[in-house]
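First, one chain by itself in structure tokens, the form predicted alone.
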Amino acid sequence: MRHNNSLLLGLGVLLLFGIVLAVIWWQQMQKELLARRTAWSTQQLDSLGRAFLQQMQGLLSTALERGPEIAVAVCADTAQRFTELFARQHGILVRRTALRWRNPRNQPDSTEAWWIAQFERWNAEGRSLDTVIVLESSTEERLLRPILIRTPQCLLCHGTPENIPPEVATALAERYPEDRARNFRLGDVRGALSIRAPR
């Protein structure tokens, strides 16, 4: 009986020690994140966003060389992980979002939805979309940049039924049963890059 009590006491001490270590580790991680948090200028955030889009395009272009159905898998898995890693690395929130989303995780919030609709209006009016929208509050700076369908390769996954190969259509239907991101044409607004950074 005394042996069991000693064993339970020892396990309790070990558990308590583990909890204390976990709390210390968590506090240290929070301090490191705060220390790494950068006060980004608007220009720096925009450059960061452009770099993100270029790297993302590189990932998708490489995947397309192996076949459009491979690009679907890369877009579904690798692109999401890359986005999370990029955001964590720079201490910001970054994502691609769209009114006609494919992945439900990319649904826009009300601000993003309003600006994407505005980008679509401007595009229909023939205005240049080489623009970035800057929204500032006391706690964060937010940038929105339109994303356009710029190349025929984009239409292999986002075009009309005539553009999308059957094997790609099958892969999309399996991965994204609620897919809304089709029937785009060259020059259409696909969505927006959304960046949020603490001030």
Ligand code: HEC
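Position 1 is the first residue in the sequence shown; the rest follow in order. The model shown is predicted, which means the values in this text are computed figures rather than measured ones.
The form predicted together with the ligand exists for this protein as well; it is not shown, and the discussion that follows is about that form.
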Site test, Ala87, Val132 and Arg142 vs the ligand in the model of the complex, non-hydrogen atom cutoff 4.5 Å: no
Ala79: touches the ligand in the model of the complex, heavy atom cutoff 4.5 angstroms: yes
The ligand contact at Gln153 in the model of the complex, heavy atom, 4.5 Å: yes
The ligand contact in the model of the complex: Cys157, any heavy atom under 4.5 Å: yes
Contact label in the model of the complex: Ile92 to the ligand, heavy atom within 4.5 Å: no
In the model of the complex, residues of 128-150 near the ligand [heavy atom within 4.5 Å]: Ile147, Leu148
